[in-house]
Ligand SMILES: Cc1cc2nc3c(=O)[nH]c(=O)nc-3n(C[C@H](O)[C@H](O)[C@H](O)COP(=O)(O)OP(=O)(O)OC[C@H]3O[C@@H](n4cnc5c(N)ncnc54)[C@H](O)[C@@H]3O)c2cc1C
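Presented as structure tokens, the chain that follows is alone, the form predicted alone.
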Amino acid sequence: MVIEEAKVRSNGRLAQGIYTMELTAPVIASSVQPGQFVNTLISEGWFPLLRRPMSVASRSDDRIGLIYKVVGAGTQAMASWTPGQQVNLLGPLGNGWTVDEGTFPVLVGGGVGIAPISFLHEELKDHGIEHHLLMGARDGSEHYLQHAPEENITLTTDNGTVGIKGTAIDGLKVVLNLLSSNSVTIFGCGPPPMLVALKLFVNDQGLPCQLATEEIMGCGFGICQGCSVELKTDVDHHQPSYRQRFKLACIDGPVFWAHELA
């Protein structure tokens, strides 16, 4: 983990309400792994006070890419940044995904969760690892990829304007029915309702699944304790210690096995 003064190379709209930014950050780019994030200082002043955790969406030479959705004051400020702007980053933070040999990865992303899924997708492509990418959105304007099942890319939309009509979970059922592999691992990231639905589905089906949680954070390295994630435990809730019952998304995650989570 380092503090690095990065510099914006490009920043622009990727799809409806979704932006992509590329920054020169050679130190972080040299070690960041898919699933990890950076904590971004929005302003040198008092507002917004807290850094914003941003999953890294890509890495290339001395650069990293971010994909973000404008949802508040912090991301609105980011959308106004222009090339050359200096940005204070803390990172890389978190644990990242673990891809085991012998299983077929199915990547499921939606909403603000497309960044870490995109990074993993690019890394698997670079290493020649066959996989399937599934992206969900409310409508076609939020997608920036092409629906191409023959190329292992499936899109879903709630209103059916692009790809399969329905949620990402509906799309996942279709993809799983078409796969010939008996050994599949799911990798998911998205808004909380999608993660809850995905966790229920994979646990019901007995499928191994890693979920990248999106939690509100302060420090990003375990001091503020603001990003606690409750674990599933059989231990009497009146007896376990705090660390037996909770983990922190910033230092223990943000990636967790679905079966570990309450």
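The structure displayed is predicted, hence computed values, not measured ones. Numbering starts at 1 and follows the sequence shown.
Note that the form predicted in complex with this ligand isn't included here; everything after this is about it.
By the criterion of a heavy atom within 4.5 Å, residue 71 is counted among the residues contacting this ligand in the model of the complex. The shortest heavy atom separation between residue 55 and this ligand in the model of the complex is within 4.5 Å. The closest non-hydrogen atom of residue 137 lies beyond 4.5 Å of this ligand in the model of the complex.
Interface membership of residue 62, defined by any non-hydrogen atom within 4.5 Å of this ligand in the model of the complex, is ruled out. Contact with this ligand in the model of the complex, judged as any non-hydrogen atom within 4.5 angstroms, is confined among 153-161, 72-80, 174-182, 127-135 to 72-80. Contact annotation: of the candidates 28, 67, 194, 202, the single residue with a non-hydrogen atom within 4.5 angstroms of this ligand in the model of the complex is 67.
Residues 213, 214, 215, 216, 217 are the ones in 195-223 with at least one heavy atom within 4.5 Å of this ligand in the model of the complex, listed in sequence order.
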